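Let's start with one chain on its own, the form predicted alone, as structure tokens.
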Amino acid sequence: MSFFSFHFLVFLGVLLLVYQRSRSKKYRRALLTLANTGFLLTLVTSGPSLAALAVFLLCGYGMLCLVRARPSRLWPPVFIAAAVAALVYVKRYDFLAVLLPGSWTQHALELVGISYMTFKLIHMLVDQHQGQLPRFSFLSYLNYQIGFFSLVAGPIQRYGEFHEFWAGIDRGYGAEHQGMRHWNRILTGMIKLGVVAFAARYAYQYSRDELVRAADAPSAALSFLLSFYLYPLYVYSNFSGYCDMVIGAAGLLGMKHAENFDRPYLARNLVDFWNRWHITLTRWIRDYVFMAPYKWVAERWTAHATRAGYALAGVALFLAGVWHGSTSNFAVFGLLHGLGVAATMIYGDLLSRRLGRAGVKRYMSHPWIRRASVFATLHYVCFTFLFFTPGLDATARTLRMVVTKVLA
């Protein structure tokens, strides 16, 4: 079931009507479990995929119970490695063709939501090991993992946020004007998805076709520039529109979701961009990928902590790119962002040493410096999105056409 569909609006409307009939915790929890399971079943493609998903969920719950019952430093890394291995296998990452026999990766399993479920499981395992995870049951764990609000494309909700809703599910969801605000958020998301993203996607594809047909340099340049700007617009409006609908729909039931976007194309550097783009992913990577190894290095080799921070930030953003897809083009996308973030951090530290705190403040507040920074960052990000489309071959063909038709 697609979020941008009449069926989803009917599904949500019926759920709300039935949900408000009783404030009993048992009633609402059972109803939400039924709704989440039903929504999931509309996305499952086959019996084997459903069985594999059930195994993944049950194994994840078993891991959490074991970490809670028998705390050990050994469990989290072993279980996290197993969860990541399952994700890599199911997603059929390109590099597996080098490591495994071809027949091993030629499976038909499609586990909907496994990327986000893996992130949630890792977060729960680490927080449980550290004694920071609120109490969970199988029902709360299951609904947290398969909740239809963030099953397919985020935002990445933390279990603590979900637990707050789950524990107080019998409460009302606020005054009527709050309900209207949530419906308005859903409408905003539908406009982004159905109008802006659709138009941007259509115009992008048209400009790509015109680039192929272009017979002179000005026509080819114009077609390329249109596609260069339109695809990032499509990705943003599509993803942020989906998140608007998720946040609005969850709010109608009284559940809070973190914001996932904050005008990312106005960012002044790559670090600022990732603090505005897919914010919940950035925070997850900071907390569960970057901080642990950085603290480990800083505690043992303080003199090398700064350089390690550059490298770890680059690796973290590289992994963020790879997470978006299993093909090699996403590895290039991640590499470009990892290098960009590391370069931004190095440049910021050089400025601090050269200008001092007061000088950096004046530099950052200068209007022309800000405009130039936003302009440069926007175009670097748009360039990286050339590798966000499926296949390196397609990107290479586009760049060759630009060289031969525009620059030659």
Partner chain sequence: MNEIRERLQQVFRQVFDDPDAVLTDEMSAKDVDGWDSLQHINLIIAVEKHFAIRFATDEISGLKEPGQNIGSFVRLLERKLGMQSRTAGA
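Quick caveat, the model's predicted, so the values are computed rather than measured. Positions refer to the first chain, counted from 1.
Below, we refer to the form predicted in complex with its partner chain, which is not included among the displayed structures.
- The contact residue chosen from G309, G241, G248, G113 relative to its partner chain in the predicted bound form is G309, the criterion being a non-hydrogen atom within 4.5 angstroms.
- Listed residues F261, F79, F136, Y294 were compared with its partner chain in the predicted bound form; Y294 is the one with a heavy atom within 4.5 Å.
- The closest non-hydrogen atom of V195 lies beyond 4.5 Å of its partner chain in the predicted bound form.
- Looking at V126, you'd find a heavy atom of it within 4.5 angstroms of its partner chain in the predicted bound form.
- Contact check for D287: a heavy atom falls within 4.5 Å of its partner chain in the predicted bound form.
- Heavy atoms of K361 reach within 4.5 Å of its partner chain in the predicted bound form, making it an interface residue.
- Of the stretches 180-188, 128-136, 201-209, 214-222, only 128-136 has residues with a heavy atom within 4.5 Å of its partner chain in the predicted bound form.
- Judged against its partner chain in the predicted bound form with a 4.5 angstroms heavy atom cut-off, the residues R283, A298 and R357 are in contact without exception.
- Using a 4.5 Å cut-off on any heavy atom, the one residue of 331-347 that reaches its partner chain in the predicted bound form is M345.
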